[in-house]
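Quick setup: one chain, the form predicted on its own, written in structure tokens, and binding and motion questions come after.
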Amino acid sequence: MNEPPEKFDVIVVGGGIGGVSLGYELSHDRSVCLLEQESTLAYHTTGRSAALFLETYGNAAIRALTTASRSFLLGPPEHFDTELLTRRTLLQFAARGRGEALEAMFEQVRTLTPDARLVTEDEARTLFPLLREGVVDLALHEPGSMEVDVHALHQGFVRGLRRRGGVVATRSGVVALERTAGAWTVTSADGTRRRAPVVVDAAGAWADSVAALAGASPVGLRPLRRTIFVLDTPDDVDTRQLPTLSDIDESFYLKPEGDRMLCSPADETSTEPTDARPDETEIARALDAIHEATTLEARHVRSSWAGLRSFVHDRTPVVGFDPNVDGFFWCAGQGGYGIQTCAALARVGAALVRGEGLPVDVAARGLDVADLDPARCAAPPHIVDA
């Protein structure tokens, strides 16, 4: 005879940064259970992040959420036992002939990031001496950008969730979702059943698959593979003050880490939800681009890995109740912005679960509920509540 399902107010599916941060915020006033299909949390995208906080990165909605997350990340609550941010400025450059594109970008980002400024090639080469002469048309310097301690950030949310009575279950991939009498029964792969009025779909690249179990229409998530690799830097190069370097056309980026460089071809290869593996062809392409733009001559790749960044059509997260399926809440499509937006996005998601409006500070930055609404992506309904 089956045991009766354990009851909660909210069940969150997915243990990456989106799921744990929203679960943490909801645990203020609700009982929360978080389910993760893998044996460890943050196994996929979150655990493979380049760990940057960039307020000039992404579209207007992303920039609003990022800037609204800064105060939390700089002064996190008691559950976070270490500093989360370390200064690492950003230098984005436009290659010859692309200066006008960078100027247009600057006009878009300057309102929310007033300390960002345009710099000449000479200034750019002073900030990043490894740049080759004649490469840069114009550059954008963001002095307030940061590195994020992703592990400490993620674990702080998990710690806070547990201290508030939240339950975290790994190896608990969801195999069935059934809604009856105003609540969902969620069945995990091991047969365990749990019940809650609200299910939050924070399953990353698998979010559309989880939605299908609930009878919700997909929002059109596209998992895109991104490759990262590590190079040694020359012995005579002091990386401590170097900024992160990025080409605005995203042919590559470089992030100094100790005596090494974390590099990426900034690839976006469409793939199925999977345990992503690095693309050697993209690494070779990025090495060529790095050698053309900088004096780094390294060819030996010390290590490499890949992660998935999942987007919908407008590259803005999908956060809110499904328009056609009662009690099914989306928290998906954070793309490559999940770390830097998580603090504000979790507050937004918790407010929407509670039936409240956007937090005042987020709305003041120009974000509207409609920007995140799943209805902008959803197809016509095909189930009703039983």
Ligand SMILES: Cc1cc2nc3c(=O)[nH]c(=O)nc-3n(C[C@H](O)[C@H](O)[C@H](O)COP(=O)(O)OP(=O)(O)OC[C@H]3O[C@@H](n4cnc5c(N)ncnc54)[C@H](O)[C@@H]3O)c2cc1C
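Keep in mind that this is a model prediction, so the values were computed, not measured. Quick note: we count residues from 1 along the sequence shown, nothing fancier.
There is another form of the same protein, the form predicted together with the ligand; it is not shown, and what comes next is about it.
Highlighted residues 74, 246 and 261: none comes within 4.5 Å of the ligand in the predicted complex, counting any heavy atom. Residue contact with the ligand in the predicted complex: residue 11 places no heavy atom within 4.5 Å of it. Among heavy atoms of residue 38, some come within 4.5 Å of the ligand in the predicted complex. In the predicted complex, the ligand lies within 4.5 Å of some heavy atom of residue 337. Under a 4.5 angstroms non-hydrogen atom cutoff, the ligand in the predicted complex lacks residue 233 among its neighbouring residues. For the candidate set 199, 210, 254, 139, a heavy atom within 4.5 Å of the ligand in the predicted complex is found for exactly one residue, namely 210. 52 is the sole member of 52, 350, 68, 61 with a non-hydrogen atom lying within 4.5 angstroms of the ligand in the predicted complex.
The stretch from 295-303, 190-198, 109-117, 221-229 that comes within 4.5 Å of the ligand in the predicted complex, counting heavy atoms only, is 221-229. Contact residues in stretch 12-33 (any heavy atom within 4.5 Å of the ligand, taken in the predicted complex) are 13, 14, 15, 16, 17, 18, 19.
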